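Only one chain comes next, encoded as structure tokens, the form predicted on its own.
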């Protein structure tokens, strides 16, 4: 279980909440067992009293104490169940927050090239299904297993008190077998299947997302039907494997329930001998088997949880592998920038993994505080070069050295959050005055000053409440907030008209004084002020 250790440590950082949730869960379980046991005792005592009265024998029964106990346990079980559900689900949400924060922290500290190795669909799987598999460890696995073991021990102790040690030992052995079948045996029988099933489900999920994303291309190539048929075959394999897992889980659940019923029969059989020797009364004889049957509620939760433990381990393996923090070290061919140099590239070759080289033998030397423009038509490799300079794409060949930088990518990315939250991604400690300053630079100050919530204006999903040009300027403002000595701006004025672009360029001249700026665009009119311009040709 070493794969789960870092996540279990994270979960157990809240011992108080876990203990309280466990107590509520245990109280709910005990109230349910007690309700069944007292009800069985009361019904039996009432029946025996009625038989004695019918036979003309004087008999009496206290209706108030057991009746009150039944009402108490019924109400208490409902109250504890409600409190347990509310409290434990709140705990799970808190654990989910801890897991996601830890995951995002690890992602942020990982090298950017590692984050680029997975597709968007695979990252979606990491951040949804894999995280969901971990956040239910406590509520579906740890707590029920602990409660089953504890309640089993208490029922065995109750058997020893009300019956004898021999009966208690027999009941304990049977229940121990039921617990092993519902937990360890299920895990052993399903771990390999569930582990590989998790990988298959991720692959299928990724293929479906890519099918949807590439539907236009598949349609143009006339491959839609064939690709859909291939997806159906993969889905059939996944469902077939899942059916095998569910079948094994179902058989182990049936076996555990059978042993619980066997323990109840054994307690009843052993109690008959004690009843004949007047060691126990008739109502007590019935109480023990019914209490044992009450264990079926908690045992019923275990096989499914342990049947998914293999898949949970697979999720942990993927997260541990793909979200490992890495301390960046300079590669062997990286050179230090000489004094006064901000960017230096020697014999640089750029290539995306699995594709041909975009360009080779690229040399670049940018002095500190210098502003250069790089121009090229679509497909010439401008964005690939920007990604390489920013460290997102490792060079295929050559040496690169660059000072700390801020990077405006060609794609505008805004989160479904407020304007303030989107801007603070660039500089978390920025003050409101700094935020308004950069908004003025990109001519958005008046736009948001007129909004009722101003900096707390909600931008919508992906900035859907903004026009394309406004969204681009918010992204630009976010980069400008970052106090990095080097700025890389890929198509900074996309979606802006000529007048707006010229006014913003003039404002940036003073704001960027002393900072190194590398701007990339299709033409010189789409660049901010530059000292020199380079042309890329494919």
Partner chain sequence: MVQPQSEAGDARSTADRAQQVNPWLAALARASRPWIGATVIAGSVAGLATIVQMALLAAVIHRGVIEQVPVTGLTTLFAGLILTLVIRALAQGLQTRFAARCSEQVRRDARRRINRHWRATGPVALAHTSSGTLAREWIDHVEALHGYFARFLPQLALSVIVPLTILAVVFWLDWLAAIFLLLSAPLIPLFMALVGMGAEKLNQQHFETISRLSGQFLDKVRGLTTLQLFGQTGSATDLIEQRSDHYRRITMKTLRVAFLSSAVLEFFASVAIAVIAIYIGFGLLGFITFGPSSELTLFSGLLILLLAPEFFQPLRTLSQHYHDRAAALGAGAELIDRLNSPVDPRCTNGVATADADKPDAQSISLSSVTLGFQENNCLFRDLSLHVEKGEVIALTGPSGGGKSTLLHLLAGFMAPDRGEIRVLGRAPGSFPFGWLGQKGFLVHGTWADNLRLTTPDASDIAIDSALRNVGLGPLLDSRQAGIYSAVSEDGQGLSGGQARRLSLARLFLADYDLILLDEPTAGLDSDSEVFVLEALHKLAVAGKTLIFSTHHQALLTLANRVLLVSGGEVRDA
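Note that this is a predicted model, so its numbers are computed, not measured. Positions refer to the first chain, counted from 1. Here, rigid core means the biggest group of C-alpha atoms that superpose within 1.5 Å across both forms.
One more form of this protein should be noted, the form predicted together with its partner chain, which is absent from this view; the next part is about it.
- Residue 36 belongs to the set of residues with a heavy atom inside 4.5 Å of its partner chain in the predicted complex.
- Its partner chain is not drawn, but in the predicted complex it has no heavy atom within 4.5 Å of residue 485.
- Mapping the unseen interface onto this chain, residue 210 counts among the residues with a heavy atom inside 4.5 Å of its partner chain in the predicted complex.
- In the predicted complex, residue 40 approaches its partner chain with a heavy atom inside 4.5 Å.
- Residues with any non-hydrogen atom within 4.5 angstroms of its partner chain in the predicted complex fall in just one of 444-452, 181-189, 163-171, 289-297: 289-297.
- When you look in the predicted complex, the only residue of 153, 279, 146, 235 with a non-hydrogen atom within 4.5 Å of its partner chain is 235.
- Think of it this way: in the predicted complex, its partner chain has a heavy atom of just one of 309, 392, 134, 430 within 4.5 Å, and the residue is 392.
- Along 228-242, a non-hydrogen atom within 4.5 Å of its partner chain in the predicted complex is carried by 228, 231, 232, 235, 236, 239, 240, in order along the sequence.
- For residue 81, a C-alpha deviation below 2 angstroms is recorded between the shown form and the other one after rigid-core alignment.
- Annotation: Cα of residue 420 displaced by at least 2 Å between the shown form and the other one, core superposition.
- After superposing the rigid core, the Cα of residue 205 is displaced by 2 Å or more between the shown form and the other one.
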